[in-house]
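Next up: just one chain, as structure tokens, the form predicted alone.
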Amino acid sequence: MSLPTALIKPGEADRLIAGHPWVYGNSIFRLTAPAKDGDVVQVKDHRQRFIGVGFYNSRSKIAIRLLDRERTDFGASFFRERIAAALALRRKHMPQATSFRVVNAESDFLSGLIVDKYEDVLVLQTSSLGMDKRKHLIVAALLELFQPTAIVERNDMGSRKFEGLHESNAVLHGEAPAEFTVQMNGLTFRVPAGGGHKTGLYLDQQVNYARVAELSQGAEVLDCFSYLGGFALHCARAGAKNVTGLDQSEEAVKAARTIAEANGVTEGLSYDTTNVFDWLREKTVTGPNERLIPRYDVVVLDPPSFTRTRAAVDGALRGYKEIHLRALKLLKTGGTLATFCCSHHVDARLFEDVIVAAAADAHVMLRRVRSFSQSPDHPIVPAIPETEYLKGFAYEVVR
């Protein structure tokens, strides 16, 4: 099969040869033949050396998403084999998990495709035109590998517009469930179908929920940006004395209370609907000659991303410093701060620098006791920096 060839400008091929799948439009010297958006093209460097094949889209900043170093037609067998390999990786590193991310786009060498498994229901997202045109092949592979009761398409991401795609939410197989039931670390979460963040739940924190809970036995815990109560519920189950969850979404707080009741974990666990920034500020403001008495043994900070662009990093860092400064003022000596950042544009070193600066302003010293990353169902490929986005740390407060 003869494919249109995209010739890459000198100096632009090294990153692709190392394994990064994105070919930007301004990296292409020329196409040797016309290519339709969504079709397969092959990529060569300026010396005509073959690099790989992928999906083309002239309307996207990412003009080509490379998927294979060999020439392939991207038929049914390709998707079946690639998804099977992704599933095998999860079973190897998360053998007890029954809900997890099956395909994590670039992490699984399927740029533009995400598949989440919520027990026997699969949720699919396609963020590239090439993947979107092949949904029928992807669904066929998922049916063969999982035999799910339902496959739900949740394509409401804003990024689709950059590929010339419209929002699309539909049931691709079976009947639409009213909610997803998720088993996670021995706890049951019920997530309304079509609601919530991401595809419904933060599967990337699955391992971290349990690791943070280990630090909370007998503790007074504050869980900021609690969403459905992932950290709060795990800490309460682990034996925390009291746990308070904060989130500005009334819908999320209501769901978190329902989830806690369904798990029989309600004693000492409460949720407040509030703006977390305002709440932290109110609790840490003191008047003349007043002294703030720290109340909490554990504070968890797991905010949504403060920036999705490199240009907004400075503003995001100010926001991170603000919440850390306030949180540290509420922690007792010997208490633990468990904190997370889910922005790819703020790396672990920069994130920790902000925390250290906040500690200096709060006049406390921190001892790092744990480091966190995204759960293994969100693999990190070092050659693709965008695959590493979630980072976190646990610190003990040392006066």
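Small disclaimer: the values here were computed from a predicted structure and weren't measured. All residue numbers refer to positions in the sequence shown, first residue = 1.
From this point on, the text means the form predicted together with a small molecule, which you will not see here.
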**Request:** Given the small molecule in the predicted complex, answer whether the residues 8, 42 and 68 all have a heavy atom inside 4.5 Å of it.
**Result:** no
**Prompt:** Does at least one non-hydrogen atom of residue 303 fall within 4.5 angstroms of the small molecule in the predicted complex?
**Reply:** yes
**Any non-hydrogen atom of residue 118 within 4.5 angstroms of the small molecule in the predicted complex** = no
**Message:** Quick check on residue 247: any heavy atom within 4.5 Å of the small molecule in the predicted complex?
**Reply:** yes
**Request:** Could you confirm whether residue 274 comes within 4.5 Å of the small molecule in the predicted complex, counting heavy atoms only?
**Result:** yes
**Request:** Name the residue from 320, 100, 227, 180 that puts a heavy atom within 4.5 Å of the small molecule in the predicted complex.
**Result:** 227
**Request:** Could you tell me which stretch in 201 to 209, 145 to 153, 69 to 77, 172 to 180 has residues with non-hydrogen atoms within 4.5 Å of the small molecule in the predicted complex?
**Result:** 201 to 209
